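Single chain ahead, by itself, as structure tokens, in the form predicted alone.
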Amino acid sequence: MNTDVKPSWMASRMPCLGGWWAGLTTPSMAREAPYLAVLPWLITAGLVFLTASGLVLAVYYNPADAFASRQFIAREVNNGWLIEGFHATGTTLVFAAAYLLLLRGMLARSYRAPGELVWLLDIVAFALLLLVGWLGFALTGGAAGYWSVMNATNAAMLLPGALGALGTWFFGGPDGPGTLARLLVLHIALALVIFFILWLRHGAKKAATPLPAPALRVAFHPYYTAQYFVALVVSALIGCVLLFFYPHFGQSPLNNVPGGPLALATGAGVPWYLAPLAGLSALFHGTYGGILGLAAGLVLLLALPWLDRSGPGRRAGGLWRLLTWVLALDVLGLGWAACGAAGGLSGLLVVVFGAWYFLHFLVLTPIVTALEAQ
């Protein structure tokens, strides 16, 4: 009885909330869904958590002396070390979910019609997430972040024409004391843009998913909210294990040294979630080469709906699924080699893994999917 009264009471006083509640309780969802369908919601929840913890850190953060500011937060602010750890661990979980979402989309071929727009929005959100993650890495004030910002600033300003003007606007001019202040604003602003992209993605996914028969429909609440709550609890448990037992997981020890001209960071020194992109960038030399490598890696993901020649409606064959899993291992290997974990063989392995990445999309994907279409 209360369930029937509550929406009407809310709708009479706040129509937008009443309609929202009615949408949650109306049977409009498929009765069964894959477990990994929860990934977009986990990413959204993780971003909300990162926004909340980031706002707390921003209150005490001083971009003029970033490294000392981090030490102050960790040592002087009440539970500052815990909030900082939550922010770092939450970033790891969000990126893990983002990589899994792309892998699931490739295995299920959900990027094909009518899901092309959903896939494109996934890649745009992923690219923005990488940029926001890099900005957060730069804001740490460590040696690796310092040199990463300086190299990126100088490279962006040397780009020709409109690209150079865009790079100058993004970084605000040559690397200097005010650079981190500008990057902090962009870090927060772009994080909010990701929420907008995810909202668009939700609408596109809903439009691309056929409505099941009435007998197979259930309401989002309480059927799916209960499932998503369990997934959120499991993710929180994993985050707590990482925070309390492996607090520096995936982070470069080079960033524990204050950044400066005399603190020369050797190797990539980037967090694990940026390492594959650093590997693609390392394939090309010169000022424009690194930017070209980054752009090419993301453009190939955007072009996947048109590189796949199998056509809509066909399920993925065994060979395609095998190649997709090999690509996942290749990306892991590329990030591992880019971090210098292989010692003297790291440079060679970056070339091998990077070459396979481009071979997969430009050669193997069109050929294998065209053969499956016959």
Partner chain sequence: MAETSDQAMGTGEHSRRDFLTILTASAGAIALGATVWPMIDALAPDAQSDASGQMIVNVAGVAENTGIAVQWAGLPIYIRRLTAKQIADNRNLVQSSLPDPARFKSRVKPGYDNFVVVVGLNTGISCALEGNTPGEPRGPYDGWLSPCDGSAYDPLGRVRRGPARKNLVIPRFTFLDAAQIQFL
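Just so it is clear, the model here is predicted, and its values are computed rather than measured. Numbering follows the first chain given and starts at 1.
Not pictured, yet referred to below: the form predicted together with its partner chain.
Shown without its partner, this chain lists Leu117, Leu101, Ile83, Ala191 as candidates; in the predicted bound form, only Ile83 has a non-hydrogen atom within 4.5 angstroms of its partner chain. Checking Phe220, Trp199, Phe170, Phe72 for any heavy atom within 4.5 Å of its partner chain in the predicted bound form turns up a single hit: Phe72. Within 4.5 Å of any heavy atom of its partner chain in the predicted bound form lies no heavy atom of Leu307. Its partner chain is not shown here, but in the predicted bound form it comes within 4.5 Å of a heavy atom of Val77. Under a 4.5 angstroms non-hydrogen atom cutoff, its partner chain in the predicted bound form has Phe49 among its neighbouring residues. At a distance threshold of 4.5 angstroms between non-hydrogen atoms, Ser53 is in contact with its partner chain in the predicted bound form. The stretch in contact with its partner chain in the predicted bound form, judged by heavy atoms within 4.5 Å, is 59-67, chosen from 34-42, 59-67, 327-335, 344-352.
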